[in-house]
Every structure is written in structure tokens, then in C-alpha cells.
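Only one chain is given next, in C-alpha cells, and it is the form predicted alone.
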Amino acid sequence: MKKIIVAGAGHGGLAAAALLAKQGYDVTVIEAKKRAEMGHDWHDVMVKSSLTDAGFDLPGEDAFTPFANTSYVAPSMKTEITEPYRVSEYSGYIDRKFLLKYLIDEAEKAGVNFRFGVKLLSVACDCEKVTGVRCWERGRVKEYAGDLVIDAAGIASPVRRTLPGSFGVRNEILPKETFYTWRAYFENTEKKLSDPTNRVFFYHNHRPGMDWVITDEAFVDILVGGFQPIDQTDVDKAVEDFRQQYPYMGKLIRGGQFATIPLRRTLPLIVANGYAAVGDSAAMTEPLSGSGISLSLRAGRCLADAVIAAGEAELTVDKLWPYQYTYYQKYGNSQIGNDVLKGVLGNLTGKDVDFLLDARILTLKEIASGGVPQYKAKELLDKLNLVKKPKIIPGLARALTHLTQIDAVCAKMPEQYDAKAVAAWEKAYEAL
């Protein structure tokens, strides 16, 4: 049976590892952190069914905090667009540390081997295929060989970054495609809930990015996020401003770490001979929220299914292509519209964003559609006719045009791997 190396204990890699181990594959996960260090010190939203889609049982309803409606606040704070009230039974917040512990435990039960505290250095390959990974373990370089390397090592994966250019997988996720965040929980001294409980602040303090405040009876959850690098000064300014708005914010009780997250559509090529990327290493996040747990878990299932379907055949790019194709058709294509919108927001000033929200050019349809918003030609013209700032018209018009082209580009993705057809699709995909 084939030997599978999973580089990094990310959600999607763990899903694929557990599913393949259950089928008798020899699976080893190599993770730089110690087991007790796994998981960000905060909660994130996920679709509950993504766990069962990935082959895991739900850990129990008490593991989830209900996910309620959200409002979106303009930089001036004069305009606030609020979603209709709802509490989703399908989604919920889950503790990241709890979730990773649960996934690791379940993967071990399935027969997955873990090597914690082992630093990944680079990919190992010959001129045509990936053959394993090189690591630093117990003071020396060691190579782990495998028939397939599943790259779940995150945004700065040393595996993806050291792939030869001839493999066609993008080595770098660029700074402009990165979300720079700081996240912390503060005591809720009055057990008070804001209405709505979730508020997203565009260009807070006119800093390019998105912050949020989520109130729970036990805490006030603060995220400071930038489309450009942020530092402690940015964090302190944002937190102090939120203290004025939420006077019941008490002492820091959890978190307080900086992190980077991919904030773009999934990379255009995530498979090569003997290699497949999943999760943050493949930029499988929602391009406006940064959340990627559900996408990654479901991608792990798609990957495991493709490997199993390949049988005894060598895991070449054409045998792994069904993983990429299935993932995109089921989940990845839905992220393109939000990425187009993020591209618009990232090139504007706070005053520009104020104008777009105040004039209702950006509405819930664009901000919270969760997919590709559909427009009639007249609707697009009406939006452009509202624009009174000439300098933002070209970028906005280009984005609205790209939104109308998404379905056509998605349809061009070849179902069977063909290098020329894939290259043509990649070019159209990245041009959106």
C-alpha cells in the first residue's frame, strides 16, 4: 500500500490522513509544533456538516457556539448594513484548539502516525516528481520518503515554497494576498450583548482592512485585520477605540497573537506529480473573512477520494487532477466573487469605502452573498451611474465586469488533465 506523507497538521491534511489510513494507507503527519501547542488560541466559524463530509463524527452540539447575524460598518460609522436576523443551525463557532485536538485524536484512532516537533525544511524531489520532504529532527537533517506529499503546512509552507518552478505550482502567496491579523478575547464585565452581536468594521481608523467585534456573555472577541502588515501600535489604537464603543470590555483573558492568513481565491494549480496542497498552503480560505476550516476539511475528502480512486497507479498530476477539479466544482469556485470584491476594497481609501457603502453601491448582495452575485446589465449600469468619484470608476467597473465572467471561466476548467488546457484555464482564472 502507498506511503503518504502529510506535511503539517492542518485541518484538510488531517481529514485526508484519517480517511486514507482507514483504507490501509501508511500515513505519517509531520508537524513542527509540539502536540500541546496545536491550534490558534481562539474560535472560528465553520459549517458543521464539513466535519461529517470529511468522515468525522460531530463532537457534540456543546462544542459549537451559535453563529448569529452580522452588520457591516462604514469607516465613518455613519452607515451600517445589517443582515436579516438569523441564528444558523448549520454553522457555529468552535474552539480551534479543541477542534485540532479532536481531529488529531480521531486520526490516530484511524491509524495515522504523528511526528510532532519536527521542523519541515523543504520538498524532496527528482526532476519529475515529489519524492518526500526534508526535515530537521533531533539535530540532523532527515528525509521522509513517500508516494505522495500532502502539503498542509500553511501560508508559508516550506514544501510549496521549495517546489521547482517546472512543477507549475505557485511558490509564494504574495503580501497583497495576505490578511494580517491580531485576535484576542476580553472579559465582558456586564455580560452584555450588542445588537447585532457580530459587527465588521471596514477600514477602521481608515486603516486598509477589516476589524470585527463579537460579543458573548463571557467575552468580547476583537479581531484587528489589515490588508497590509499591522503592528502593536495599530492594535492598541483599535482596541482603545473599541473600548469607547464597548465600555464593558474588561481585561484580556485569552489570545493576543498576530497571525497571517491567505486572503485570495484558491491557488490556480494545487497538484503536481507526487504532490497535493490543501488548506492554507493552497489558499483555501474565504477571501473576505479568512475562515477556511470548512473548505479545508471538504478538500481533504476530495483529495482522499482521488488518491483511493487512483488505486495502484502512480500518483501523477493527471491522477491527482480529479481532486482539484472536484474541489473547485463543489467549493472553490464560490470564493472567486468575494476575492474580486476584496481586490476592489484593497485598492481604495477609507473615504472611497464610505462613499460606496453610503451610496449603497456595495450592499449585502456583494458583501455577504457567500458566492458569486448575479447581475442584470441594467443593475450594473445603475450602480456605475451612482458613482460620483471618477477615480474609482475604472476599478469598480472592471470588478463588476469580472463578476459577470466568473461562470464562463469556471466552465472552462478541464475535467481531464491536459497541460495546455489547464494553462489556458489558469490564465483566465487569475485574470478575473
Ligand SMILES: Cc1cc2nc3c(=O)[nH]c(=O)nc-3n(C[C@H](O)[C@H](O)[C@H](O)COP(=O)(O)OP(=O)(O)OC[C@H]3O[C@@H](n4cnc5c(N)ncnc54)[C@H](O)[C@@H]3O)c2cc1C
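Owing to the predicted nature of the structure, the values given are computational and were not obtained by experimental measurement. In this text, residue numbers run from 1 along the sequence as written.
FYI, the form predicted together with the named molecule isn't displayed, but the following is about it.
Only one of 333 to 341, 198 to 206, 117 to 125, 308 to 316 places residue heavy atoms within 4.5 angstroms of the named molecule in the predicted bound form, namely 117 to 125. This chain appears without its partner; in the predicted bound form, the one residue of P158, G255, P75, P322 with a heavy atom within 4.5 Å of the named molecule is P158. Of the listed positions (V45, L403, A68, I367), a single one reaches within 4.5 angstroms of the named molecule by any non-hydrogen atom in the predicted bound form, namely V45.
In the predicted bound form, the named molecule sits beyond 4.5 Å of every heavy atom of T266. The closest non-hydrogen atom of A399 lies beyond 4.5 Å of the named molecule in the predicted bound form. Among residues of the shown chain, A299 is not one whose heavy atoms approach the named molecule to within 4.5 Å in the predicted bound form.
Though the partner is left out of this view, M38 does reach within 4.5 Å of the named molecule in the predicted bound form, counting heavy atoms only. Contact annotation for 134 to 158: residues with any non-hydrogen atom within 4.5 angstroms of the named molecule in the predicted bound form are A152, A153, G154, P158, listed in sequence order.
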